[in-house]
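Shown below, as structure tokens, is a lone chain in the form predicted on its own; questions about how it binds or moves come after it.
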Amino acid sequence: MTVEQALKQGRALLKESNIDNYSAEALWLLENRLGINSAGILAKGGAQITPEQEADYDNDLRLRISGVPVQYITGKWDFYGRSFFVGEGVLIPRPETEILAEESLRLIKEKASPVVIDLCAGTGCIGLTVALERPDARVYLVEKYDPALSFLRKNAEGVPNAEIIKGDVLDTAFLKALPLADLIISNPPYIKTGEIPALQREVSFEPETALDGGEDGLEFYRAIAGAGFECPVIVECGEDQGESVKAIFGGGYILRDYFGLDRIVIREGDLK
């Protein structure tokens, strides 16, 4: 089978299985298996793939058809121009979360050697992006769950200005014992507990601990606000939560995403 034939077959299988983004996902899976980018796929369309590559690609397609997110199959995903390791047990980085990273960098733009804390860090895509974009910063990444911590540690390798802390963001005493920060960042769980069973099939593969924000979806925001941080706080929120989160923090402002939906709440404060 040639590269071109494999891609055509992959697209057909995903389309028949009602995968919305079937064309791109078939390409991503093939790129991952062959170790080449889309330009390489086009350039080598007539080249033969090995039986092992064909079998592996077919297995990947079957996993995707069963509902496994493409990111878990490839084991990595891009965020803010860099690739992060992902897999079962950790939340997949979303494009809209790049707004959180970008705004975080803006908030500390004028601060020399800032101290930043990323709460509910998961893969670390937000905090590590800040650390990599600002080598003079000291970034602490807080995560509670071991499966997510394994990916966080892997992603943090070679980032000398990042430090991982295991801890529970819902523990007020723990939060108050964290280092004095110039900025608090968080993309916490914010789905209402009762809404989780109705989420799309792919999301059901992600850890419930990274999704469940309590009965009203606001549990983690109350915990963060209750810690009494005096520095600026920037958080991601659900599309209908902006005003509620702003009220929890006693003020601030809301930023909307590419679709005009509530996505970021910024509570201003004093840089130390």
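Residue numbers run from 1 along the displayed sequence. All of these numbers come straight from a predicted model, not from anything done at the bench.
Here the subject shifts to the form predicted together with a small molecule, a form of this protein not shown in this document.
**Q** Is Phe79 close enough to the small molecule in the model of the complex to count, meaning some heavy atom within 4.5 Å?
**A** No, no contact at 4.5 Å.
**Q** So, Arg134 and the small molecule: in the model of the complex, are they within 4.5 Å at any heavy atom pair?
**A** So Arg134 does not count as contacting the small molecule.
**Q** Any chance Asn187 has a heavy atom within 4.5 Å of the small molecule in the model of the complex?
**A** Asn187: yes, in contact with the small molecule in the model of the complex.
**Q** Taking any heavy atom pair closer than or equal to 4.5 Å as contact, tell me whether Asp60 reaches the small molecule in the model of the complex.
**A** Although the small molecule is absent here, Asp60 would stay clear of it in the model of the complex, with no heavy atoms inside 4.5 Å.
**Q** Just one stretch in 101-109, 157-165, 189-197, 140-148 has heavy atoms within 4.5 Å of the small molecule in the model of the complex, so which one is it?
**A** Selected range: 189-197.
**Q** Considering the small molecule in the model of the complex, which of Leu218, Ile36, Ala227, Leu211 comes within 4.5 Å of it through any heavy atom?
**A** Contact check passes for Leu211.
**Q** Can you work out which of Leu183, Leu91, Leu152, Leu128 has a heavy atom no more than 4.5 Å from the small molecule in the model of the complex?
**A** Contact check passes for Leu91.
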